[in-house]
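Next comes just one chain, in structure tokens: the form predicted on its own.
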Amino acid sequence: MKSTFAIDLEKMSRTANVGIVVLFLLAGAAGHFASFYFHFLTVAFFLLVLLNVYWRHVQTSHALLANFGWLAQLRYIVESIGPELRQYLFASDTEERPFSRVKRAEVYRKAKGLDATAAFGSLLSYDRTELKLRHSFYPVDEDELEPFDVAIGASRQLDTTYHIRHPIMISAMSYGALGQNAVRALARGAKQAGATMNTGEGGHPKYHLMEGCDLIFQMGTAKFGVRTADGRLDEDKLAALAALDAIKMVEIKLSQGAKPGKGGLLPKEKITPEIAELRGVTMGQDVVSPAHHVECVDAESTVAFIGCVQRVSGLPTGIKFCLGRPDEFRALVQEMKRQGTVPDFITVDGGEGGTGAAPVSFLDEIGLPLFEALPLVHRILLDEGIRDRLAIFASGKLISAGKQLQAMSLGADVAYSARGFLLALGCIQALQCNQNTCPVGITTHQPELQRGLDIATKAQRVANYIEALHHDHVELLAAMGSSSARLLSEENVYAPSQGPVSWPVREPS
């Protein structure tokens, strides 16, 4: 049966708009004849009438307000709190994006040092759409596992060779994208846990350096902190930074998963005088980095630039990119062989990676997913005979040990996470990172919002999260029958949606 009930918005709007005027007149009459206190209502309704007149007869920017007045305004109010309503009232535990409530809750509990077990079975779609790790009939005793150790720079026999001792590192998040309290809490937590942290492309890493953790200095396309006036590399500035004891590696960012082919973006709302000084930019306008390094216009110049950074810094040096065209990457690798210059590591960033700000078209429509890109990069490096000369770091929604081990099975040596650590700091996925209004004080520079982020408390949660992930790595590796993450291959991953597995077998090192 077809319903005959329908909402007549025009009639409802006329009723509401006339009703406000009537209520104003009634309140005025009651204040005159009954009690003066009714005039408080008179003033309130008078303001509503004035607003309605402005919306309907003065402003021209919003057609809805011009046509419907207060009814349209109520619609805007409800729309503005829609994410919160869905997050807390309507969305199920597994359907939120980019991270479901059940995934966020697991990170929260790990960060707080609480029991992160669950009951009654998985809430995920345990079917042919999901990658799964393969366990063994014959698990390894945990005390037989090798300690995690990936040496970066060893193939070049560098005196500055750096040993990564944790399977998870804190991915690139700059001071600018994050507020100073968040940066210091992450760095202090990394120091406590003995983990490594990437500085992001924010220029001189002032707040990262305060807490004494081991750092990877990221050089973005704008080269904040190490640039000349025309945007080229200032070798003296890079050498000075590389001489700092806390800086252990240099990462040249060629592109980022969330916005490959586009430079970094810091909205003007988040630029403070201090950030402008550290980055060497002006206040009051968005900071948009170039789409590429001015030195890097083809494979030959890009490899030459990698070699220059290796020479000037004297540190293990790698590149970061989101894969787009495998043939271009193969050509780059072949040029590396021709010049005899190989990066010490390659960071493969999945197109599903996060960011502080990016156009939606870049977030949604460009860049290969991590688990598609990793095997391609790994295969090309094997084919070209240089896989044993560098390490692969993987990033892109790797907030759990299971996902990190899947990445390692597909070719990675170490995993990065950014948003996992934001959750450990207390991120509630408010999706306001680009607005300087983060309600938990992480991605904002407003003092009144940062005040709620206690550095000592959150640093301990970061350390707890790292240790909990490490513990899960040990237990999962043992269950998989492997004594070391370096022995993993694609055979350790069940990929039903892929058909016959065609990923390259990873040669144990």
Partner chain sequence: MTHPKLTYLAQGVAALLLLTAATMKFVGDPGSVDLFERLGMEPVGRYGIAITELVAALLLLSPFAALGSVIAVAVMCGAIIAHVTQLGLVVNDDGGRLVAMLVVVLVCSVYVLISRRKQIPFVGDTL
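Residue numbers count along the first chain shown, from 1. The term rigid core refers to the maximal set of C-alpha atoms that superpose within 1.5 Å between the two forms. Note that the coordinates shown come from a computational prediction; the quantities given were computed from them, not determined experimentally.
One more form of this protein, predicted in complex with the partner chain, exists but is not displayed; see below.
Engineer: Please determine, with the chain shown alone, which of 480-488, 454-462, 57-65, 439-447 has non-hydrogen atoms within 4.5 Å of the partner chain in the model of the complex.
Structural biologist: Flagged stretch: 57-65.
Engineer: Honest question, do 36, 39 and 43 all end up within 4.5 Å of the partner chain in the model of the complex by heavy atom distance?
Structural biologist: All three within 4.5 Å in the model of the complex.
Engineer: Indicate whether the partner chain has at least one heavy atom within 4.5 Å of a heavy atom of residue 114 in the model of the complex.
Structural biologist: Judged by the heavy-atom cut-off of 4.5 Å, residue 114 is well away from the partner chain in the model of the complex.
Engineer: Can you tell me if residue 32 lies within 4.5 angstroms of the partner chain in the model of the complex, counting non-hydrogen atoms only?
Structural biologist: Residue-level check for residue 32: yes, a contact with the partner chain.
Engineer: Using heavy atoms and a 4.5 Å limit, would one call residue 77 a contact residue for the partner chain in the model of the complex?
Structural biologist: It does: once the partner chain is placed as it appears in the model of the complex, residue 77 has a heavy atom within 4.5 Å of it.
Engineer: Any of the heavy atoms of residue 73 lying within 4.5 Å of the partner chain in the model of the complex?
Structural biologist: Although the partner chain is absent here, residue 73 would touch it in the model of the complex, with heavy atoms inside 4.5 Å.
Engineer: Any residue of 460-486 with a heavy atom within 4.5 Å of the partner chain in the model of the complex counts; write them all down in order.
Structural biologist: Result: empty, none.
Engineer: Using a rigid core superposition, assess whether residue 481 undergoes a CA shift of 2 Å or more between the shown form and the other one.
Structural biologist: False for residue 481: its C-alpha shift is below 2 Å.
Engineer: C-alpha of residue 440: shift of 2 angstroms or more between the shown form and the other one, rigid core aligned?
Structural biologist: Stays below the 2 Å threshold, so no.
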